[in-house]
Each structure stands twice: as structure tokens, then as C-alpha cells.
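Taking the form predicted on its own, here's one chain by itself in C-alpha cells.
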């Protein structure tokens, strides 16, 4: 029978593979099993909000994982409580509340002043052909913040290491310049602070706080799209920091020119510094990443295991690490060496999952989302430039990737004539040959289709 800690670590290792890091940290931080009794597992959670969310959103998934780990488990309940409890001889004993008695998830060890996670360093960042430029720029910035590559704008798909690289810069600056004030924040959190400051009539304090920062790091800046008041405040903060040689570092899932509903003055400033993209890692780099992560965790597997994992997970570094964590946990719980057949069995849900089915509707939705439009905007007859181009791209992808007929494409767009579809396809096909930026946009859309 598993101990409470072993059982919950196994559950979290599997949950982490299926949700975003932000969601995982939000809903599973400071949770742990306090008892296993009468075929029921009781999980302690930090507050009633988390309790309600886990019961509604994750109850079935957690119970399924628990049952797979121990077939005798039939039920699960969540309770709110700060004490760490264990059951010994059917009696509940209150144990100490020290951090050592909590689950050891490095993702949670955040510096409250900077919001940086110390586990994200340059030493633990694997460099390959897919990320050489952003890595070199990041190192340069950390050695001379505010005076080179300002702002630094890094973009790329989900799970490719943007957050790691951004936070590595912050941690390196702390090491090189202990007196500098550093702030890492997501654009959603920044927006929330703006809203709360307006609501509470504290805008002066808000501006003062950010204007005193030496290195400002904002993740997923694309989410400022359409938020006019937040963009306005960020524009003024950006100018003050830039004029005083304070470093600004930004990340996005796309380059500045393709972030829709972004004011031109902000777009211009984003493009005024260094822009570098992180692409998908090649096979050799994926193997190197797995080896480094294993080394950092104090474990070692055979070459064939690393190669197998790298062969089935090709587009997402976060998923690579998640698969590795699952194997490490299996080895720890069962206290036996791992071979390739075991790994195939542990990761069978990854290899057996069906291929993503890309439909016409999915293409239209993804194109609309990429350009911050509504689906109906693309389907209607508007001749606005900001709508015509996305519509043509959607038609192009329907023809190029799904091999849809032109009459079929016309019907999908509110019954347009097939000649409109032909014109759109030819126009984008020709423009791609001359316009590398357009080709890049379409590749980003395709990446989103595969990862959505």
C-alpha cells in the first residue's frame, strides 16, 4: 500500500501532464492526502474555493487515477484545513506545519518579492538550434540589463521554454546585480493589478511601484490585446523604464506584428528592440533535455528510454518533462529499475491517443482566435482589411491542409461563390512566396491547430 505522500505525488505527476502549469499551481498547491480509510481517500485543500473547484472540475479524473494506482480506492473527499494530518492506528495526529512536511514541488518555491522560481536557470536550460538566438540574447541582457537588446521580445509556441528563459534572465540578474529590483509577472496579473488600482483609486501607487523596477519581465504579453486601459498604462510605464535604461523583457506566442488589437505605439516599441523566436526542438535536443532533467533529479535511464520518449513527444518540452516525471515516480514507488517495455506501458496513453482531427470549423475558429476576431467576423461579408486577410488565410488552409473543394469552401463562408475561394487561395499562395512574415504567421496558426 502506498503512503499518503507517495500516492498523492503519483496523482499530481499524472494531473500535471494534462493541465497548464498555471492551473496546476492554482488548484493543486498545498494539497495533500491526510487519510486513506474505508476505501476512501481524504485530501486536504487550502480553502473552500479550491475545494469546490476540485469537486466540480477534477473529482472524476483524480478518482480514476487513484483507482488505477490502488483498485481498492472507491471514493474521494476534499476538506479544508491547514494542519497536516496523518492516520496512525486509526487516530488522527496533528503534525508540524513546516515546509519540509509538504510535497516537494519546486514549481511552488516562488520568491514572493520577484515572483521568480529559482529552479529556472541558464544551467538547466538546454540550448539547441531551435533556441540559440533567444538564449544568446537572454545571456547578454542578464550581463548588461537595460543597455543591450531593450526591450527583449521572445516568442514561440506553448511549452517550448519561453517562461524558463525569461525567469532565467531574472535569476541571473539577481546573481550578478543583487541590488537591482526585478519583477516577473504575467500579462493577466498585470491587467488585474491595473483594474484593481482603478477600482480602489490607487493608480499613483501602482505607477510608482512599476516605475521603480530595474528589470520588468512580462509573460504572455499577447493577452494585453484589446485591453485599451491596460495598454495605456503599460505604454507609460514602458516609456519611463526605457528612458531610464531599465530592462524590459516580454514573451508572446506570436511576434508583435501579428498581435491584433494592440495599439500601434506599443507595437512599435516592442519591435524597437530585439525579437527572437523559439521553434520546435529537434530529436537530438529533446534527448539532451531529457538527460539534463534526469541528471538534475538525480536519476539515470538507458539511452533507448530517452530516445523513445523523445520520439513520441516532439513539440512540447513541458510534456517531455511531464513524461519523465511520471517514469521517475513509477520507479520510486515500485523501487525497481525501469526498462523500455515498462516505459511504453507507463506512457501508453500518450502513444495510443488519437491524432488530432482538424476540421474546417477548427481552422476557422483558430484563425479567428489568432487574429483576435470572432468566428462570425471571418464568415461575414466585411471588406475591412483586418478581416479580409484572415478570411483569405482560413480559405487557404481549408484548401491546402484539408484539400477541400472550392465550392465547399465557398459554402462554409456563408455561401460565397467558389471563385472567391479560388482567388483567396491563389492570393495567399503567391504572397507566401514573397512574404516571409505571412509564411511565419500561417505556420504559427498550424502549430496552434496541432496543439489545441
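The shown structure was predicted, so the numbers you read here are calculated from the model rather than taken from an experiment. Residue numbers count along the first chain shown, from 1.
One more form of this protein, predicted in complex with a small molecule, exists but is not displayed; see below.
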{"item": "Residue 160: touches the small molecule in the model of the complex, heavy atom cutoff 4.5 angstroms", "value": "yes"}
{"item": "Residue 293: touches the small molecule in the model of the complex, heavy atom cutoff 4.5 angstroms", "value": "yes"}
{"item": "The small molecule contact in the model of the complex: residue 317, any heavy atom under 4.5 Å", "value": "yes"}
{"item": "4.5 Å heavy atom contact, residue 119 to the small molecule in the model of the complex", "value": "yes"}
{"item": "One residue of 137, 343, 289, 224 in contact with the small molecule, assessed in the model of the complex (non-hydrogen atom, 4.5 angstroms)", "value": "289"}
{"item": "Contact residue in the model of the complex, chosen from 242, 130, 301, 177 - any heavy atom within 4.5 Å of the small molecule", "value": "130"}
{"item": "Stretch from 330 to 338, 224 to 232, 122 to 130, 189 to 197 whose residues place a heavy atom within 4.5 Å of the small molecule in the model of the complex", "value": "122 to 130"}
